[in-house]
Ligand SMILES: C[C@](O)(CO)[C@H](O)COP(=O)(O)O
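One chain comes next, on its own, written as structure tokens: the form predicted on its own.
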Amino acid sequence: MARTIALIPAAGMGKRMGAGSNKQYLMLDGMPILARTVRTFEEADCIDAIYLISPEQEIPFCRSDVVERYGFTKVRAIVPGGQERQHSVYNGLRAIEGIEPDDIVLIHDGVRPFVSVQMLEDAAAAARESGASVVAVPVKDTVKVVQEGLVTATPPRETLWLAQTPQGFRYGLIRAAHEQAAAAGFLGTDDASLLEWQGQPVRVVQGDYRNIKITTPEDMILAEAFLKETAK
């Protein structure tokens, strides 16, 4: 049976948060956002190992205040990030030890703390079957394509989905996609876009509207509301 490895990028600088510290370490109901995210992977039976990606200067803090403080035993390494998220993920892919081409890699944003074990299982199963998967939710609002302040198109809403993470891949496919993108100087918007760029199929897995990426102060308010609702 192929192993399932989690790769969790947490190397962003969080400029849009404006909190004076990187967003992944902001406290959410007494626990760092990143720790909440990692806890779900730690508790999921389907996850065999976890690799975190952090700015190099923050690796000691990440190790002491997240991995050691909360006793995460599945974390195998904390990998230095790169200039862009894509570079950080590529660093992480190269750092995974003993991985086989058909093993599954789940790549998940460190600041999406409301991911569920079910999402991890579904994304891994879809990637195992199809080679690549992306968790996503249908768009609720009408979307306009705008150029120079003018609407140029209104795509059918039923064809539009909001991509989330985790995104799952057979290791051989995603490693090759990152290597080809690096050689061509192609920078995708997410990991799945690298497979799309290659013409590879990507399976969509139903996500959850609560699986938000905490990026702005408004997201923190929403996250705290989700926690209060769950505690009732």
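The first residue of the sequence shown is number 1, and the count goes up from there. Please read these numbers as outputs of a predicted model, since none were measured by experiment.
There is another form of the same protein, the form predicted together with the named molecule; it is not shown, and what comes next is about it.
Judged by heavy atoms within 4.5 Å of the named molecule in the model of the complex, the contact stretch among the candidates 94-102, 121-129, 108-116, 136-144 is 108-116. Under a 4.5 angstroms non-hydrogen atom cutoff, the named molecule in the model of the complex has Ala163 among its neighbouring residues. Taking the partner from elsewhere, Thr189 is found to have a heavy atom lying within 4.5 Å of the named molecule in the model of the complex.
The named molecule in the model of the complex comes within 4.5 Å of no heavy atom belonging to Arg76.
Contacts to the named molecule in the model of the complex (heavy atom within 4.5 Å) from stretch 195-220: Lys213 only.
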